[in-house]
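Just the one chain here, laid out as structure tokens, in the form predicted on its own.
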Amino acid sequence: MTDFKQLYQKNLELTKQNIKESVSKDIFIVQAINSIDELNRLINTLSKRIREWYSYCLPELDKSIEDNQRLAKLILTKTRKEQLKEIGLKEEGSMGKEFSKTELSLLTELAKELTNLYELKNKGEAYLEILVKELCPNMHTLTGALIGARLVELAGSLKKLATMSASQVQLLGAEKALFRHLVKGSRCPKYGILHEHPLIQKAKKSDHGKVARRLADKISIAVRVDFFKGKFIGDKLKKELEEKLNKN
């Protein structure tokens, strides 16, 4: 009975140790990018509410200021008269009604929370930048932090991403479109999340597929080198990619 208890205790300790070791930094990358996604959803929802509410006070401000963060800052830091001056409008030129302090109280609190959400998002992106650059320096050089983190998140882990072929990397984020292609015979997608990469954004639309393919090839190499703790070759891969694209 004593031997069984000792065996049970050793197995329990080993299990705990295995659980601890399974918590890797790519898990933190996934959590960080998902947190940024959640913050973006909250920011969009809250921005919409603030814009709609404040449009009763100064509808012209809503039309003039497209940046949600700037709009929230103006509501927090400037009076209605100062806001009118900001957009070059006189009092008689506005269709809105000036709010009382009571009417403004909750609205300004919402604007303050929106500002805090933007600050939290910026901190999350800064943390993600450090994390991706530390864990995946080669991929980071090619993709930047946000796209690199998204690739890890879509794959499930850095290990899974490293085992994928370049064509699989190219289509990460386009799973629904690929499913429609396989089931309904619709057009096959050329890329997924890589569409957000600057090299694809600035390329001609007819070249998007080619650029995505060559980019995925280099990312695939970079991820494998990162996963197996190889040397830093990110700059070399990036130069080779840019040279290939410039030749065409």
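Throughout, we count residues from 1 along the sequence that is shown. Bear in mind that the values here come from a model prediction, so they are computed numbers and not experimental data.
Absent from the display: the form predicted in complex with another copy of the chain. The rest refers to it.
Only one listed stretch (215-223, 194-202, 65-73, 51-59) carries heavy atoms within 4.5 Å of another copy of the chain in the predicted complex, and that stretch is 51-59. Another copy of the chain in the predicted complex is approached by L104, whose closest heavy atom lies within 4.5 angstroms of it.
For L182, no non-hydrogen atom is located within 4.5 Å of another copy of the chain in the predicted complex, even though that partner is not displayed. Mapping the unseen interface onto this chain, I27 counts among the residues with a heavy atom inside 4.5 Å of another copy of the chain in the predicted complex. In the predicted complex, E86 stays away from another copy of the chain, with no heavy atom inside 4.5 Å. For the options G144, G124, P137, G173, the residue carrying a heavy atom within 4.5 angstroms of another copy of the chain in the predicted complex is G124. The single contact residue among L117, A177, M164, L154, judged by any heavy atom lying within 4.5 Å of another copy of the chain in the predicted complex, is L117. The candidate spot formed by A32, L42 and L46 is fully in contact with another copy of the chain in the predicted complex: every one of the three has a heavy atom within 4.5 Å.
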